[in-house]
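Quick heads-up: it's one chain on its own, the form predicted alone, in structure tokens.
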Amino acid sequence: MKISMVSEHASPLAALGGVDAGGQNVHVAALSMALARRGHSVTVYTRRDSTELPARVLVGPGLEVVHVTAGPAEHIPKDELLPFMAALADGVAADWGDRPPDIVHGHFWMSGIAALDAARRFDDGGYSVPVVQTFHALGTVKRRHQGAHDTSPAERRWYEPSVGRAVDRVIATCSDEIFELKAMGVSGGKVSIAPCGVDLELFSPTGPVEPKGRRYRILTVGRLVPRKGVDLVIRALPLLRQAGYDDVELVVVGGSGDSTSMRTDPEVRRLLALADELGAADRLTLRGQVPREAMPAVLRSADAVVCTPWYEPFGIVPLEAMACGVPVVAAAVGGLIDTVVDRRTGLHVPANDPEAIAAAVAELLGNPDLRSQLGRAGVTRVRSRYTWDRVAAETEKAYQITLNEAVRQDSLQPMEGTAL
């Protein structure tokens, strides 16, 4: 199968953990590589954000990345990329030439606009290149939780639902997303589920373990933006002290630089000020970016990984923690409801609840046997359900359903001079 991926702001080659880089980059890269391993020919189209990038990069057998000139060749925040989607579609269609792919897969709502635009240019009287879409995050959910702080362009309110209704199939990453899609007017009959996966060659329970700074270590990983809820974990530190767990360090991995340079970031300054106000500054370490290959050792050093965002479309960090045999304290929101099984691979807590976070962490710190039990179950769950090869197989199945439906619809088109 000849597959085109469109990922306008998240290149699979991008450094992880920086501004507008993270889970989607990992997803597109790992899924594309897994599909290539299954014998497909995969091309990922992404926007050129540097003049130094080559036009094409051969990643491996069956997989290449194409950098399309769409707007200035410099970093532009993803919320400002909408005006360049027509140019992205131009570049994708031009690269296809007269040999379009069997299927095109858009990642994020703006990529869906470009994918549909490019595909429709090959309409030959009723049949165009089939388009599938993975949203990764939905504007309706973002607005519900962020309100006036939502930085998405206003056009997202109508473009995103129209993409969902116009594509041939939507691939959701979790069951909760299906309900949100239905509320947007997307038929449940054209939605498949294929979750994110985890790299089990990198993330495993055996291997180096980074030394701790205190008796207990809790860890949170992700971009430093308010919705990730790092402040909630900081607020749990004094509560843990009251519960008798004083010798605890909170290590925060993520941000747009190293531990020194990122201190100019407003969110970092807010978190540091909060820790100082609560008398917990001596137990908080902001690590900044950590190379991906070093993350397993960091994860293995934790007694618990805490993931308590306001909302989360999926969340790869809990899978990586589970793959390393570390129990997860997770907010019962979005994709975390699917991946972390309450009291089997981790503990669920309500959203925006520092007291519940502290109680869950205290339960884990006070019960080594429970930590081990949850950790072992997490490894088993990830290995059985969240390998990238399994995710690729589920994605491939969604592609085949889409292609079969496209052929059937094409066969139902009336011949010239006839009517149904």
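What you see is a predicted model, and the numbers here were worked out from it, not measured in a lab. Sequential numbering from 1, following the sequence displayed.
One more form of this protein should be noted, the form predicted in complex with a small molecule, which is absent from this view; the next part is about it.
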### Task
Identify which of Lys228, Lys142, Arg283, Arg169 has a heavy atom within 4.5 Å of the small molecule in the model of the complex; exactly one of them does.
Lys228
### Query
Just one of Ala36, Leu364, Ala377, Val26 has a heavy atom within 4.5 Å of the small molecule in the model of the complex. Which one?
Val26
### Task
Give a yes or no on whether each residue among Arg223, Val253 and Glu312 has a heavy atom within 4.5 Å of the small molecule in the model of the complex.
yes
### Message
My question is simply whether Gln289 lines the interface with the small molecule in the model of the complex - judged by any non-hydrogen atom within 4.5 Å.
### Response
yes
### Query
Hey, in the model of the complex, does Leu181 get a heavy atom within 4.5 angstroms of the small molecule?
no
### Message
So in the model of the complex, is the small molecule close enough to Val317 to count as touching (4.5 Å, heavy atoms)?
### Response
yes
### Query
Using heavy atoms and a 4.5 Å limit, would one call Met295 a contact residue for the small molecule in the model of the complex?
yes
### Query
Just one of 337 to 345, 101 to 109, 86 to 94, 215 to 223 has heavy atoms within 4.5 Å of the small molecule in the model of the complex; which?
215 to 223
